[in-house]
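Shown next as structure tokens: one chain only, the form predicted on its own.
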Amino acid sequence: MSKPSASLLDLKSLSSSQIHRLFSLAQEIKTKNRAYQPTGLTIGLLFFEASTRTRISFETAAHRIGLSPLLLDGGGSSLEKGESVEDSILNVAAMNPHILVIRCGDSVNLEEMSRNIPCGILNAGWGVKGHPTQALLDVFTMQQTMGLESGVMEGKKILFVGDIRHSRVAASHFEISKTLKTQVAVCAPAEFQPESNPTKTFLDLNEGLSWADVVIVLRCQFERHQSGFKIFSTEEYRRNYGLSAARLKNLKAQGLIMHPGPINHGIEMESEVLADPRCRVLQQVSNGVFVREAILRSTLMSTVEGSLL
């Protein structure tokens, strides 16, 4: 490539003005039906961990721009022969895609990869370290639903309920909250709270719901619980921290209910919650395409210095 491209590995490097410009572009994409135009450019979609919403929304966004997606999800690849994730990434990068979208575990050093690969890398879920595009689409959904002008989120109260310690979504929200000056609180059993918790903590979910403008319910990520991880029964968790129609009486009438998916129905959230008019779960999915298309377009238009937006 003739110039270095921007990467988006976390949200610490984005200013509020950059986030607002990204949201303006996403809104333009959402309201104006842009025509598909083949570009001859390619995008590598490397998903070393399972994904539905993130993978398909990136693939959809790529098609809308005219990028030809090169998909690697582990099945039928040389990973089955013992090739490392790092080698797989470097070999796909050697085929000169214009952008790499990567979902991987904590052991992969995406920061080092971004220094050694000439194309931009977009973090599509990096172990428990972060999931920046999910946090961005969440905030974009909040902004749109609340009717906020210019992306003003300062002072809004966001409550995270569930497996916060293992949540890359929560990790990215904690980063963006510092930039947008939102108030963040958590409600979870001790085993699920972050090891370093600079946020407000609620021990009682009803109290937390009464405080919040937005509640983001997080999945219990059993696959990330190491051997010996202390956890109580799912019934106990459901009783103390599960979101139900009865509990939602504590959430203000204009409050929002969100979940990054997939949902463990009957554990962290009852199916009936999806029918609540304050629930924005499917709107999050729809907005994910527009926000990720805006990120792809911004990455392709990155400056010579490699600055996103």
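Residue numbers run from 1 along the displayed sequence. The model shown is predicted, which means the values in this text are computed figures rather than measured ones.
This next part talks about the form predicted in complex with a small molecule, which is not shown.
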{"item": "Answer option from Ala50, Leu41, Leu274, Leu70, heavy atom within 4.5 Å of the small molecule in the model of the complex", "value": "Ala50"}
{"item": "Single option in Ser114, Asn123, Ser167, Gln134 placed near the small molecule in the model of the complex, where near means a heavy atom within 4.5 Å", "value": "Gln134"}
{"item": "Answer range among 60-68, 259-267, 239-247, 26-34 for contact with the small molecule, defined in the model of the complex as heavy atoms within 4.5 Å", "value": "259-267"}
{"item": "4.5 Å heavy atom contact, Arg103 to the small molecule in the model of the complex", "value": "yes"}
